[in-house]
Structures are given as structure tokens and as C-alpha cells.
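A single chain comes next, written as C-alpha cells; it is the form predicted on its own.
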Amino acid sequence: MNELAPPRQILDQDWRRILQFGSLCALTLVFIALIGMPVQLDTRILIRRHLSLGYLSLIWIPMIMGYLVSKELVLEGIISAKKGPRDLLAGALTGMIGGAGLSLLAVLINNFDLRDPLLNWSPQTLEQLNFGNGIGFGIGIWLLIGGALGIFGSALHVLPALTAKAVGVALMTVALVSILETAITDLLEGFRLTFITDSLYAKRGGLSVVSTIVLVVFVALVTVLAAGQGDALRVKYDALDAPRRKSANLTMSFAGVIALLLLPLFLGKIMNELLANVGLFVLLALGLNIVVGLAGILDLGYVAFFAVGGYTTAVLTSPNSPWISPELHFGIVILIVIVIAAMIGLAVGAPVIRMRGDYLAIVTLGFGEIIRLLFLSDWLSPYFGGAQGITNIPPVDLGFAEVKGSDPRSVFYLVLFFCAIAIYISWRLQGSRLGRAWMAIREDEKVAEAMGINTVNAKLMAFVVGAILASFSGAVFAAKVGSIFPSSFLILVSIIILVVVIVGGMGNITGVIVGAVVLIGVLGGPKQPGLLQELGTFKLLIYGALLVFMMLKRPEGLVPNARRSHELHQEEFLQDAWLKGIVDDDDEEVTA
């Protein structure tokens, strides 16, 4: 543990740092207000009569900036100063500068009309910034709120570590419980625990004040009492030998599978529909993870394989197919889909296989759009229906039951079956000779080729496997929706799947699943709603901001792959090793 020097004097501030973070806070708050997020989200109540999602979109910014302005990078061997009033003042000034930015915006809206370039420069925005009172009240209250939130953020460094952790976990829990009200209510109703939701939430939505206080106190106490238990379990797990660790992993995996099989039985239609959508994107992301995460091939036209699976299923099963309508069974169709997807994967991969980097991304992007436009064109309209698409796709007949879109629970189980196949394929390939060849190509293609790896065949195999997994998702999607249109396969689908893979953790199966659950489950897909339907207008903005943040701060993803983490943080590892005396200046290689 690093020794701490006495606290600095309260006025011994890094004023430039305060000005930078304060200006960033003000610009962020003004931007959020001008895109209309506070006004549009104000209808979603989080704490009855006290907090809405609209105001939450503003107040978390000064808190984060207050935390960041007081955070210092402690280098090895450097003695840092103890946190104290100096840091609280820095947080207060940062938050007040942010509040001043909103106050200035309120003054400008009150005196000028700029609604021509700025559509949300409106009386509704002004009224919300003023809390329904005069302009003077709005200025004073935002300066006060900004300063208080900045102090709170910086206080997380001043408080004892356990206290700060308890406060942070309690606030995060309250935010999640209030935001995920729909999911929690639906789940507890399935388990017939409605008395809990009646105690937590008010009749018109949102947590009650009493339940908020009780929840904060309860979670904080649990955090304090359970302190160290997680680290102890992690140490105990790391101490297990290989057979016992494998047994523990299998036990946890088995428990997860049982939970997934039983959970839909207790959920309503809305939540099962959400789970089915998440499963479809998990299936797509698992295929793209092989192409991008393992082989390192930046494929921006991945939606093309999704479309191939959907249209193949529609043509072979629907009686309304304009070309041929053999009305085959879904099981036979899946086999044909695999063959066609593999052929399309080879056809798309062969011309672009020797390209790299930006050129590869642009060409695959073009192929994705070409295939969508071909399905939309009048030239292929007699075969695939053109803009009218193909309708009346029958449900999946399993003999003992039918999987149809009106029953999202059965759709989820079908998606779960294909996800299990995709997970098994990905897991087996990842540890195989082919998987190791993919990872070698991802790290350095020239070196991999020099080591005797047939890079052309390996990359083609990545395209083929990814195309097959994407076609599975397209086939299930066609049976679920009951119709197929070219508008369902926009290039935006490829972008969002890529974001899911990057945010979750490239090259990691668990990370891909986590990324799909977090992003698709909460925000939703391109046209599929998530838990926070109110964020539908700002979905792409949040996706973009999250992608930029992850690339800058955590490029390995939420659940990183160990090998990928070493690749991305090799320079940091070398620097730490040099500081600790593990290597000398003349060493060129480090064995981890």
C-alpha cells in the first residue's frame, strides 16, 4: 500500500484541471439539454414527486465530474497526498461551473429565439431548467445543485473506502431498481411476490420516498457486512487446482442453463419478447465474434448473411413465395440454409480475403449493401418479392408444439437452442488448431503466414462459420416475424452487432453474451425496443458515446478475453515490469 502525505492546503488547487473538467461538465449538460433528452424523458418517474429520468440525465454529470477532478493517477513509488477539504472544494467548483452552463442556457432561451437551428430551444426546456419557477430561481438552484453534486462525487475519495463503496453501491442499486421497474415487476408477478412491488413502487410508477430510503439503508448495510466476501471467494477459486476449477465452472454453467430454462415460465409476454430479441442478437454476435474477435477481420457487411438466412427460409417455407414455394419443413430448411450461407460466405470472402484494415471494412460494407439492394431490386422481385417482401411464413412445427411469433416464450426456447449450438461451436473452435490460427492472424498476419499458417483458408473458414451462425438467426427471425422485407436488413444492424461485440469483449463468448444483454436488453436493437423504451430516440447517440468511451478507456470490453487484454495492454505491462525491476532496459521480450 502506498504511504499518504498530509492533505494539501485547501487553496492549493490545480485550477487548470478544475477549469477543464468544469467546462467539460457545462458543455455536456448543455448538449444533453439541447438534444431534448431531459424533456422527453421527464415522463418516466424514478422516485415519485422527486426525480424523473429526465432530471437524472442531467444530475449524474456533475457527480461524475466531481469524482474525476479529485482522482489522481498514483504512480509506483510516488507518495500521494491524503484526500481532504481541498478535493471537496475542487468538486464543488467543477459542479458549479457545470451548473453555470445550464444557468447560462436558461438565460439565453429566456431572451433569444434560436429554434430555427436548435429545435429544442423551447419553452418546455426553459420550464424544466427553471423547475417551473422564475429564471432567477433556476440560476440559483442549478449553481447549488451542481456544487452539491460535485462535492458528493469528490467525497467518494475522501470517505473511507468501505463507506464510499457502500454509498456507491446503494445509489447504483436504487437507480437500477427504479429504471428496471418493468422487468422487476414482471418477474415478481411471475413468482407471485407482488407484495414486494407494492411496497417498492408507487401506484403511478416510480419508487416511493420511504422505499428509497429503506433500499439505500438495506443495500449499504449488506455491502458493509459482506465486505471482503467477494475477494475471499475469488481467492478460494483461484486456489483450486485444474480439475476442481473445471468442476466449479461446469456447476455454474449448469445452474445458468437451468435458470434460463425456468425463467421464461415466470415471465409475461413483454419480457419473453425482450429475451427472444436479446437471444437473436446473441446469436448474431457470436458469429461476428468469430470473424472480428478471433480472426480480426473487420466485417461491416455481416447483416448480409442474416438476410440470406431469412430469405432462404421465407422462400422455402412460405406459400406466398413469388418464385417457388415447396413449403418445406423448418428442419429441412435449416440444412439448406447452412449450405447456402456457406456458399455466400465463400463468395463474399474470396474477393476480399487479401485486403486488410480500412479497405477490408469498406469492401465488406459494400457487399452488405449490395445484397440488401439486390433483394429490394425490381430485377429480383419475381424471386424475392422486392419491396413487398415475402409474407405468410409459417411457424416452426416441432411435432409436439408450434413456435410462432405470437408466443414469445416458445420463440425464446428456439433461439436458446440455436444459441447453445453457436456457443458450443465457438467454444470448440476457440481452442482448436483453427482457432489458434485465427488468433495468430489477428495478432500479426505476416508472422502467422511466416509460421506456416494458410491465412487464406483460415480467413475463408472464419467467413463461412460466421455466415452460418448469422443465417441461423435469420431463419429464426423469419419464423418469428412471419414476414421478410429488405428494410429489416439495414447496415445499421451490422454496426450495432459490432458494438455489442466490442463492448462485451471481443474474442470472449461470455463477453459477447453480456454485451447483448446490456445493450439490446436495455436500449434495444435498431427496431426492437429495450427495457428503456423512452431512450429510443437517443439510442444511436448512446451507442456512439458508449463505443467511443470503451475504445478510449476499456478497449478489451466489459468481460475481456485474457489473450486480448495482454495484446492491448502490452506496453503498460512492460512499463510496470520495468518499474518493479522485472526487466532491464535492454530486455526486448517479457515472458508473462
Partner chain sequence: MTAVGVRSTRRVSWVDRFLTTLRIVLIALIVVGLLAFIAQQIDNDNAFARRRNPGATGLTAAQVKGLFVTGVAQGAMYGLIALGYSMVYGVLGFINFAHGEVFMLGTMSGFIASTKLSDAGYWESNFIGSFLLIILIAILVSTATAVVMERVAYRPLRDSPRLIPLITSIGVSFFIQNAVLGLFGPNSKSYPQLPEWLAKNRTILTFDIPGTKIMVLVVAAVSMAGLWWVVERTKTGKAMRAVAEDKEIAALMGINVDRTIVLTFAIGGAMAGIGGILWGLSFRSVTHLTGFLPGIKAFTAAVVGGVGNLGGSMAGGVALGTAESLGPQVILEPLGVKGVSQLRDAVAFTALVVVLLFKPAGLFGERLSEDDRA
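For clarity, every value in this text was computed on a predicted model and none was experimentally measured. Positions refer to the first chain, counted from 1.
What comes next is about the form predicted in complex with its partner chain, which does not appear here.
Colleague: Is G268 one of the residues lying within 4.5 Å of its partner chain in the predicted complex, judged by heavy atom distances?
Modeller: Taking the distances in the predicted complex, the answer for G268 is no, it never comes within 4.5 Å of its partner chain.
Colleague: Might R356 be said to contact its partner chain in the predicted complex, defining contact as any heavy atom within 4.5 Å?
Modeller: So R356 counts as contacting its partner chain.
Colleague: Heavy atoms within 4.5 Å of its partner chain in the predicted complex: does Y413 have any?
Modeller: No - in the predicted complex, heavy atoms of Y413 and its partner chain never come within 4.5 Å of each other.
Colleague: Contact with its partner chain in the predicted complex for Q124, defined as at least one heavy atom pair within 4.5 Å: yes or no?
Modeller: Outside the cut-off, so no.
Colleague: Determine which one of 527-535, 550-558, 46-54, 62-70 lies within 4.5 Å of its partner chain in the predicted complex, judging by heavy atom distances; exactly one does.
Modeller: Of the options, only 550-558 has residues within 4.5 Å of the partner.
Colleague: Quick one: G296, I370 and N457 and its partner chain in the predicted complex, is every residue within 4.5 Å by at least one heavy atom?
Modeller: Affirmative, all three are within 4.5 Å.
Colleague: Between the options M172, L193, L262, L119, which residue brings a heavy atom to within 4.5 Å of its partner chain in the predicted complex?
Modeller: Of the candidates M172, L193, L262, L119, L119 is the one lying within 4.5 Å of its partner chain in the predicted complex.
Colleague: What is the one choice in L365, I334, L207, A106 with a heavy atom within 4.5 Å of its partner chain in the predicted complex?
Modeller: Only one listed residue qualifies here, and that residue is L365.
Colleague: Any residue of 507-541 with a heavy atom within 4.5 Å of its partner chain in the predicted complex counts; write them all down in order.
Modeller: Heavy-atom contacts to its partner chain in the predicted complex: T537, L540, L541.
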